[in-house]
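Okay, here we've got a single chain as structure tokens, the form predicted on its own, with questions on binding and movement later.
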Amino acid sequence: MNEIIEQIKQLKAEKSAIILAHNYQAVEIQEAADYRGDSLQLSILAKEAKADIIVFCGVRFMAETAAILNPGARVLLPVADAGCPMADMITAEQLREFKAQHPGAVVICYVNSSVEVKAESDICCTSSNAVKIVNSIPKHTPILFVPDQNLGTWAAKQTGRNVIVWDGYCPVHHWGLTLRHLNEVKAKYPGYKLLAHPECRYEVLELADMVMSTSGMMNYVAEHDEVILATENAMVDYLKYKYPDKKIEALSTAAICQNMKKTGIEDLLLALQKEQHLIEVEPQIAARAVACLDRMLELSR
């Protein structure tokens, strides 16, 4: 492992490369990365990066987002088939039909969507700024929210806005984190604070002590102890690694994203060595999608 890490460091210096890793990546990937964070943090970092190469340790929509926001860099995805089931739950054609059914509505797309869907949307959002983005839309304007029904419902409840949600979801959060898990774990760890990601079902979010993005969880755990995390298990793994003396529990050990787990340290090394799995976006689609992303970033400053 140490030898691989040294090779990665050497190649980064030689090729003017940086490594970005999502909070759901394995511990060794996060430790090898230059920067780690949630989708909003990584989008900002990708846009501002001065590197020639960005190696994005995450899934395809994240690497696509980086490529759109920083067209001057070559963006590499270490594992070509690291995808996102939620992003696959809506296509650009389906979104066009959805918009036709609701003329005059503003389309907010969760960042967990394809570049083609972003190109058909008015503004993007992440789990950390969804409420702010919904509130930015003029009152009495109907809102279409794609593809995550859970985040869209949560944002609607927080803002009191009329939000029509698409019937998509993250399988890990939707099926892997349930009321049964919540009741069992809360009974086992009384007094612990439950932090839930807004991709969870609303029935889980209602009973959480706090609802927040992965960056919010990271910041909260830095200052507090005795927490239960209702999100993908890599967050628990990394926080336990970072804070070995703190009491941190997973709401469910079944909450594992197989796509996030595809990236190993050897894949990261190969991406730098061979500069493989380059992310390329059709210029016309990129031009439309970047407007959707830039609107989000402007509101997130």
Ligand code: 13P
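Start at 1 and count along the sequence shown; that's the residue number. These figures come from a predicted structure and were not determined experimentally.
What comes next is about the form predicted together with the ligand, which does not appear here.
Trainee: Just one of 194 to 202, 97 to 105, 130 to 138, 68 to 76 has residues with a heavy atom within 4.5 Å of the ligand in the predicted complex, so point it out.
Mentor: So the stretch in question is 194 to 202.
Trainee: Classify Asn112 as contacting or not contacting the ligand in the predicted complex by the rule of any non-hydrogen atom within 4.5 angstroms, answering yes or no.
Mentor: Answer yes; at least one heavy atom of Asn112 falls within 4.5 Å of the ligand in the predicted complex.
Trainee: With heavy atoms only and a cut-off of 4.5 Å, decide whether Ser213 touches the ligand in the predicted complex.
Mentor: Judged by the heavy-atom cut-off of 4.5 Å, Ser213 is in contact with the ligand in the predicted complex.
Trainee: Going by a heavy atom distance of 4.5 Å, is His173 a contact of the ligand in the predicted complex?
Mentor: Yes, His173 sits close enough to the ligand in the predicted complex that at least one of its heavy atoms falls within 4.5 Å.
Trainee: Could you tell me if His277 has a non-hydrogen atom within 4.5 Å of the ligand in the predicted complex?
Mentor: No, no contact at 4.5 Å.
Trainee: So the ligand isn't shown here. In the predicted complex, which residue out of Thr263, Ser252, Ser39, Gln30 has a non-hydrogen atom within 4.5 Å of it?
Mentor: Flagged contact: Ser39.
Trainee: Hey, which residues along 58 to 81 are within 4.5 angstroms of the ligand in the predicted complex, non-hydrogen atoms only?
Mentor: Phe61, Met62 sit within 4.5 Å of the partner.
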